[in-house]
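Take a look at this single chain in structure tokens; it is the form predicted on its own.
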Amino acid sequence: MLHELDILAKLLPALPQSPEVAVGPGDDCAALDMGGGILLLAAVDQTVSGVHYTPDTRPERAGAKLLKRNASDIAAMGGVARWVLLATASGGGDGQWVLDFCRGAARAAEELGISLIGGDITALPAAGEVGALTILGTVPKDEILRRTGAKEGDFLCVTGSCGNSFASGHHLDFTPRLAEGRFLASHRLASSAIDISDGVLLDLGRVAAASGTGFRIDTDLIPLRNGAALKQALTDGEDYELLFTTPPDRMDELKKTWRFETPFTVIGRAVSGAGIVDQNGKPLNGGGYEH
């Protein structure tokens, strides 16, 4: 059976890209260079009943989650989220679920200053619901954050806390770190970034592969959400926090200028070689969510 990472490994290298594609598949967003020094960011994500939320979740909350998890991708690139297109499909209902789902997404968009500019509604042949959302944003070309910029010696940082996202309800009620991501990008205080959707280890592994570095994590320093165990913090995912690296010569300024209610925590360093190890040099492998 092919899983998500298997499919992507076989699919992405063969996808053709036009010259204006500044960042293609393989980061939190694609980026299109349309001229003028500004990149257009684009990402798409989905929510599926029974996978991303329980069937008894109110449709407004499910719709809001879809909007916010896409906005988190824009945050990881240091951009400003601007426009979204929403598509929904539902089966076995009277249409009220779809209406409430769309209203939830629209309300979350309004709260974040994003315009919902269109979409599509269709039916499923069986019970269940699916939502898909395309988000567009902008970022100055010379400020974009990517997974590729980490260097040996960089500090590894995380916003907020990790773990126990599903049981605590955080997977529905999180706030995408748009302001924090924009701050890091505009002040050039981060060398790489990713949002934590599939777990610290899996998502950090993506940064390691893209940047060509290894990482050492001090697991005692990882900020745990209420009720979370360390394994959950490393592998659960759905935190939608920013995991980012900062060069050593920028750390003092980061500490002095960070004025957000959400704290950040230094949890490790980028190191030579490959892979992720703990503070004792023990490899940290496995875990994370894969479809």
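Just so you know, these numbers come straight off a predicted model, no measurement behind them. Residue positions are given as counts along the sequence shown, with the first one as 1.
There is another form of the same protein, the form predicted together with a further copy of the same chain; it is not shown, and what comes next is about it.
Remark: all three candidate residues (Pro25, Ala43 and Gln96) come within 4.5 Å of a further copy of the same chain in the predicted bound form, counting heavy atoms only.
In plain terms, the part of the chain that comes close to a further copy of the same chain in the predicted bound form, with a heavy atom within 4.5 Å, is 31-39 out of 31-39, 225-233, 56-64, 249-257. Here is the short version: of Ala210, Leu202, Ala89, Leu189, the single residue with a heavy atom within 4.5 Å of a further copy of the same chain in the predicted bound form is Ala89. Screening Leu112, Leu172, Ile144, Cys102 for any heavy atom within 4.5 Å of a further copy of the same chain in the predicted bound form leaves a single hit, Cys102. Looking at Thr134, you'd find a heavy atom of it within 4.5 angstroms of a further copy of the same chain in the predicted bound form.
Using a 4.5 Å cutoff between non-hydrogen atoms, Val80 does not count as a contact of a further copy of the same chain in the predicted bound form. In the predicted bound form, none of the heavy atoms of Asn280 sits within 4.5 Å of a heavy atom of a further copy of the same chain. At the 4.5 Å threshold, heavy atoms of Ala167 stay clear of a further copy of the same chain in the predicted bound form, well away from it.
Contacts with a further copy of the same chain in the predicted bound form, taken as any heavy atom within 4.5 Å, map within 106-135 to Ala106, Glu110, Ser115, Leu116, Ile117, Gly118, Gly119, Asp120, Ile121, Thr122, Ala123, Leu124, Pro125, Val130, Ala132, Thr134.
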